[in-house]
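First comes one chain, alone, set out as structure tokens in the form predicted alone.
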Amino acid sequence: MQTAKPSKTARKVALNIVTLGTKRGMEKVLPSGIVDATAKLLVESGAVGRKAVRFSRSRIAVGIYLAFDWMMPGQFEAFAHRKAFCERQVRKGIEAGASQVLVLGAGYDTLGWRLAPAFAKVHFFEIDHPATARLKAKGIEAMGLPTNLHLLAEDLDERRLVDVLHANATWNPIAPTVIVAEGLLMYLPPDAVGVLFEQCAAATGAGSRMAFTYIGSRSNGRPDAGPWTWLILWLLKIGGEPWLWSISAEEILLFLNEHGWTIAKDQTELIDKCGIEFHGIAIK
């Protein structure tokens, strides 16, 4: 994955959210306030200009996304469901007593900015590669940085997650925590995914939960992006942000158990699939 420049994928996902705000019916799926907050963040950060945001809010943009939906069937609307899933898990975790929220590979996500004022006693942390995180921080500063939102610009290829968190005086390693890894794991090398789960377990307290999304695997072990998998994987590769990790839904429970996590008996969302991605909930 390219790291010297801000993530193109993060920018595309954010613009997708803005466009979904124009699609009829998506207002029932998208978390409240996410569309306007995302649009403002993109502009204030300098990630895109106002013209790009205005176009993304147009019916023409919706039509373009729908025209290309054949490549990854259902994935356009799936981004809305993915955001809703992650926010739902964060709110459930806070209701259950979590005092920290950690968003990994946050990109231009606005969950922390939107929820921090409503949950003043909860600390929200975001970590992303410096190239993207610095732009994000510029936008958040312009929008108003909540005192309980902590933006960390770190390259986790160079520093371990546990070291980054333990170096922050506000982080509590024994507190119940909600971790979000949305649209992230497929871009990591296989060994790094297991290490990430282990370090998340080591840096958090009992009762923590981790909401994540992942790409399923085909019988040959390669990622499954639908009927045009070969094309999707090729486009991602030449774009400099290839998918490196996937796993079948049948293997995910064993994987979690091997890396310090499990699932609650009622967590049926673990095998829910929306678009080409599965939603997962790990419990510590």
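Quick note: we count residues from 1 along the sequence shown, nothing fancier. It should be emphasised that the depicted structure is a prediction, and the values quoted were computed from it without experimental measurement.
Just so it is clear, the following notes concern the form predicted together with a small molecule, a form of the same protein that is not shown.
A heavy atom within 4.5 Å of the small molecule in the model of the complex is found for exactly one of L135, L161, L111, A106: A106.
Put simply, of E141, D191, E95, D157 only one has a heavy atom within 4.5 Å of the small molecule in the model of the complex, and it is D157.
At least one heavy atom of R82 is located within 4.5 Å of the small molecule in the model of the complex. Remark: R209 does not count among the residues lining the small molecule in the model of the complex, judged by a heavy atom distance of 4.5 Å or less.
In the model of the complex, at least one heavy atom of H129 sits within 4.5 Å of a heavy atom of the small molecule. Contact check for C274: no non-hydrogen atom falls within 4.5 Å of the small molecule in the model of the complex.
You can rule out all but one of 169-177, 182-190, 197-205, 112-120: in the model of the complex, only 182-190 has residues with a heavy atom within 4.5 Å of the small molecule.
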